[in-house]
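Heads up, the chain below is alone and in the form predicted on its own; it's given as structure tokens.
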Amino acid sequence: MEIWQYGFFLRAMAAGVLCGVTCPLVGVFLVARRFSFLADALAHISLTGVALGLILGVAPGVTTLAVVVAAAFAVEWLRQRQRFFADSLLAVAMAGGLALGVILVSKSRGFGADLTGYLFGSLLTVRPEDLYLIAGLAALTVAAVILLYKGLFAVAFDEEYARAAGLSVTVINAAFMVVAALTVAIAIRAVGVLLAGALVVIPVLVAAGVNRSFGGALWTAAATGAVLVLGGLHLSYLLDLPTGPTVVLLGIGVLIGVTLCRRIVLRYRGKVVEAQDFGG
């Protein structure tokens, strides 16, 4: 409890809650679209933006956001116009973005310590201005999800039906790509480039294990993300572990626990039904 006396930890908690709530809200739609690999791809591409920012002397958050948004639009354009398979396209984009980022880093000097925070997350080093930026991006993301909810829901489950129903699928997809890019930029601050996809997807899988409705899974995923980040933040402090990996491993542990509990409950219900049928 004494750690709560320090401003840096309170800022880390606030940033962690914002990241944990925002990322799963978008992750729900990514998982529903079988497009969850997009978060990983954009996160790896963001390394190019980080390296550009450090080389040019510009705030890496700005260059990262610009690169990720541009990459998201490029991926969506190629998927729609060139008819590439989504998984193949994302694999190429992720490899290309990561390769370019590594090359830029190799041509630079003295950025090792700075890049470590971007690769694995650095919640404990969040400054007040960083917190304002995260809060702004989170507010934009949540507002976009609320305003576009019906369209995102329709496109996520059946894009062709949504198009036939008269929805502007192209506009919805473009807006969703921007939202996904904002989400990845937020996740990078919490768990880093290499683990951002996990923060987007794992809370969604946990929520899917305890909810049958899409709306219920949406809000459960957001709550789960916040709890995982806060829990991982405190565990990392108590056990002297890096924050990002601790959050992800805690999430995997919770996912395994929820999956096992669900199987036990389903098996027990099955036995009860069998016993009732036999007795009847």
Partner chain sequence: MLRGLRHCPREGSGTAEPLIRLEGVSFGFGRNAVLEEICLEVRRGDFMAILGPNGAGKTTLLKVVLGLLTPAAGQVSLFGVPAGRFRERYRIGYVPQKAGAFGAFPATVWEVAATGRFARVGFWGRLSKQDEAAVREALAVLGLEHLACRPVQALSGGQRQRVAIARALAAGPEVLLLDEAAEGLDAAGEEAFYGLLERLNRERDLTVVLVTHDIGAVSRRVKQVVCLNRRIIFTGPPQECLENGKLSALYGMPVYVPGRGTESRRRRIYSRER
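Residue numbers count along the first chain shown, from 1. Given the structure is predicted, the values throughout are model-derived calculations rather than measurements.
There is another form of this protein, the form predicted in complex with its partner chain, and it is not shown here; the text below is about that form.
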Contact label in the predicted bound form: S168 to its partner chain, heavy atom within 4.5 Å: yes
Taking its partner chain as it sits in the predicted bound form, is A181 near enough to touch it, meaning that at least one heavy atom pair lies within 4.5 angstroms? no
Check Y161 for me: does it contact its partner chain in the predicted bound form (non-hydrogen atoms, 4.5 angstroms)? yes
Contact between I186 and its partner chain in the predicted bound form at 4.5 Å, heavy atoms? no
Heavy atom within 4.5 Å of its partner chain in the predicted bound form - residue from A154, L131, M177, L89: A154
Heavy atom within 4.5 Å of its partner chain in the predicted bound form: which of L47, V28, A222, L233 fits that? Just give me the one. V28
Every residue of L98, I103 and K107 near its partner chain in the predicted bound form, heavy atom within 4.5 Å: no
In the predicted bound form, segment of 32-40, 243-251, 222-230, 59-67 with a heavy atom within 4.5 Å of its partner chain: 32-40
Partner contacts for 190-220, taking its partner chain in the predicted bound form and a 4.5 Å heavy atom cut-off: V204, A208, N211, R212, S213, F214, G215, A217
